[in-house]
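Below you will find one chain, with nothing else, as structure tokens; this is the form predicted on its own, and questions on how it binds or moves follow later.
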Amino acid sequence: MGDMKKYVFVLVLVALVAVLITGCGTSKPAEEKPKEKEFEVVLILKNLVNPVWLDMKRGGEAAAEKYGVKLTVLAPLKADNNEEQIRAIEDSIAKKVDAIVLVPSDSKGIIPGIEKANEAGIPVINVNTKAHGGKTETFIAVENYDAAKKVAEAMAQKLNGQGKVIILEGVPGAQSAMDLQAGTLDGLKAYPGIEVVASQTAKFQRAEAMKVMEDLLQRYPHIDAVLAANDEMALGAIEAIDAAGKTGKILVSGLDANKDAVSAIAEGKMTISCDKRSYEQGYVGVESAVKLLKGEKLPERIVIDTVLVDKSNVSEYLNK
């Protein structure tokens, strides 16, 4: 009988253990932490033709990949078209994106688009070209005025303070173009022996600059230098200078240090450019949008440093 009691006791014990195990097995799993929201950011550029904006696109995409952001890059089909940029803002509002990183083609014309984003509660990060109105969270750019002044001074020194020069300007109405022009003129002020014989827009475009330069060379065949507000215009001017058989006789400067300009400096066709670090501008633009969306306060202004590029350091850029 004692053995029977022991046997029953073991059975009861096994049953209790089984119940406990079963109970453990049917308990609710621990709740998983909710996934962090994936932010959706739109980067609106002036165009996707100029190497500067393509470089900025790559920078924005690199930041988006690092921070796990869904990034859409938009640009007008017609380069630098303000109306298309405003439509891109409106489409982004309709899709309820979390933030817009914007490079305005027209500093004043873009204001209605920014104001629509403001009304929709979508923050706008202003990059490269300053908008003249609407609320933006920060402005990220090189100091275009300083960059152009630095290039103009360097060119004046290459000319030994003497000579006749032509200036090729950017898109009328864009704050970046205004700042670049002001910097160029102020950089030349300290050199009274330098005469600006013509200053004309070529809209930041290579083909346009080639046409403009062809006309200007007809009117002013004896010039010493061309100061272009970006590399694309400088390269267009170089084509016209080549066609006129004046390669090596006219100094040419640009700004941006794009791939073709770097090659032209190495070949001796171009004198100076300025690395305006467009990749970094795109990267910091998207990075700043993420920081803002995560609750960080942004400074009113974020300055990206520039570097002059000429024969002395062009090899560093050729190897990039």
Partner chain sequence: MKSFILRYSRVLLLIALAVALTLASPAFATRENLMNVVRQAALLTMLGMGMTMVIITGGIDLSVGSVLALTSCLAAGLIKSHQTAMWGVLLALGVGLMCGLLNGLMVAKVKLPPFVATYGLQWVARGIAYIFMSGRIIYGFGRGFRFLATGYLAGIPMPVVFMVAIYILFFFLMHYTTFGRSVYAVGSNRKAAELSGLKVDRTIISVYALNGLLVAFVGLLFISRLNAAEPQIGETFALEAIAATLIGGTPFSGGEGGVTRTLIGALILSLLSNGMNLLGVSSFWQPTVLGATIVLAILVEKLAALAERDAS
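Positions refer to the first chain, counted from 1. So that the term is clear: the rigid core is the largest set of C-alpha atoms that superpose within 1.5 Å between two forms. These numbers were taken from a predicted model, which means no experiment stands behind them.
Although not depicted, the form predicted in complex with the partner chain is the subject of the following passage.
The partner chain in the model of the complex comes within 4.5 Å of no heavy atom belonging to Asp224. Heavy atoms of Asp242 reach within 4.5 Å of the partner chain in the model of the complex, making it an interface residue. Taking the partner from the other structure, the partner chain in the model of the complex has no heavy atom within 4.5 Å of any heavy atom of Glu280. The shortest heavy atom separation between Arg219 and the partner chain in the model of the complex is within 4.5 Å. The putative spot formed by Ala62, Asn126 and Glu143 is not touched by the partner chain in the model of the complex; no residue has a non-hydrogen atom within 4.5 angstroms of it.
Among Leu251, Leu293, Ala264, Val69, the residue placing a heavy atom within 4.5 Å of the partner chain in the model of the complex is Ala264. Note on contacts: among Leu235, Ile194, Ile166, Met155, the single residue with a heavy atom within 4.5 Å of the partner chain in the model of the complex is Leu235. Considering the partner chain in the model of the complex, the lone stretch of 133 to 141, 146 to 154, 205 to 213, 184 to 192 in range is 205 to 213 [heavy atom distance within 4.5 Å]. Along 174 to 201, these residues reach a heavy atom to within 4.5 Å of the partner chain in the model of the complex: Gln200, Thr201. After superposition on the rigid core, the Cα atom of Ala120 is displaced by less than 2 Å between the shown form and the other one.
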